[in-house]
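The data below hold one chain only, encoded as structure tokens and taken in the form predicted alone.
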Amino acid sequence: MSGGFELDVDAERWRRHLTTVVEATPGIVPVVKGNGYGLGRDLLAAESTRLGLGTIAVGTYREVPEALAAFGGDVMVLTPWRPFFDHVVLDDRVIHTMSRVEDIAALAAAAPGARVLLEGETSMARHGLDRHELAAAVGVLGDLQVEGFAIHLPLGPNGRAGGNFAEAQSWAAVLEASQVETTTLYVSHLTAAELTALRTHRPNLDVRPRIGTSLWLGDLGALSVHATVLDAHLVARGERIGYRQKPMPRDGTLLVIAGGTSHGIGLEAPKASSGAVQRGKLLAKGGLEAAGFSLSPFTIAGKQRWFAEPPHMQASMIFLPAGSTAPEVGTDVDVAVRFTTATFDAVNLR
């Protein structure tokens, strides 16, 4: 029993996974950004220290002060530096990502001696220097200290790393042929096999993977999310309930459960659809949502249950049809969440 919307972590099992990944991945740089993959950035920074790692990567400059306070090593910023940022942190432990020639010149003038990564533009087409711009980039570095070269590769067709070796190999060749004075290559979204192959093909490079999801969330069996049933009411078919006074479709029980939009309940990242079947499923789901009914992430009596109305800020109303065994007020139910959008009342290492 918890009294809220909480994440329990089997600490021994989770840490065993972290250690396994770190030991199998030389040069790893853990990514500690956003909501800290649901676990919180401070906890991940502390775990990075416990694992003996020297560098972490954060998402934005606004995450830097907290990271510097929580972690004693270097802090790499994944979002490229821009001259119009008013919250840049200049510190000897901060490593800036540079993705435009004009920005490199501007930072060199504003903060000579700052530590930087040069980033190449991959097929992600998000940030980065074109390979033809590397000579110009080197020409304006001034007194900036180049700590390495970085590439951010896309995910595979199933949302996981894979199939990126050719692009990584191409950029590794470009780096070695360039005038950029570094042999350190930071990479994202390569599999263990791809990392091994890249190191084999480019033995003169120090290949360092930046890893978030597969490190922190690589053993989901160590993580369990639960929410407390706060109230329960018998309802009759047609009875109107909630903010929107929606009529109930059948007799049943209305449950009020901890966990709402402020916790990430009801928030879902857009999905990439492929194929007519998948698109059809999404259209069908959209139709249900348009009618005011959506499947909730709460599991009760072994089944995923429907929202009685859209989730509220800190609680959700769930309809349980008559004949189902309703949980007692004060007990917990399981919840399936997207960890990168979830905010918990408490994260409990047990």
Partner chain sequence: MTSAPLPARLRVRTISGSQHLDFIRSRPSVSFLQTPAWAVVKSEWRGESIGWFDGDRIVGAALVLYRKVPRLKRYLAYLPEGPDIDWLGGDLERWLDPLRVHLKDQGAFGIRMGPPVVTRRWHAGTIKQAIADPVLATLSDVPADVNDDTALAVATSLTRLGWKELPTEGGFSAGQPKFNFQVPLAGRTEEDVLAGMNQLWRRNIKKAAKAGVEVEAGTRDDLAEFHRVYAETAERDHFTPRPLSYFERMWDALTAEEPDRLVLYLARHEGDLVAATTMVRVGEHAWYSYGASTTAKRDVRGSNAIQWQMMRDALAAGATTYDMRGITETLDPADSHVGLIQFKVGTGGEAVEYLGEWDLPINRALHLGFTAYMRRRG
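Residue numbers count along the first chain shown, from 1. None of these values were measured; they are calculated from a predicted model.
What comes next is about the form predicted in complex with the partner chain, which is not displayed.
In the predicted bound form, the partner chain lies within 4.5 Å of some heavy atom of Q179. Mapping the unseen interface onto this chain, R244 falls outside it, with no heavy atom inside 4.5 Å of the partner chain in the predicted bound form. Among residues of the shown chain, E121 is not one whose heavy atoms approach the partner chain to within 4.5 Å in the predicted bound form. Contact check for A193: no non-hydrogen atom falls within 4.5 Å of the partner chain in the predicted bound form. A173 is the sole member of L155, A236, A110, A173 with a non-hydrogen atom lying within 4.5 angstroms of the partner chain in the predicted bound form. A single residue from the set T184, S262, Q145, Q169 has any heavy atom within 4.5 angstroms of the partner chain in the predicted bound form; that residue is Q169. Only one of 247-255, 205-213, 225-233, 133-141 places residue heavy atoms within 4.5 angstroms of the partner chain in the predicted bound form, namely 133-141.
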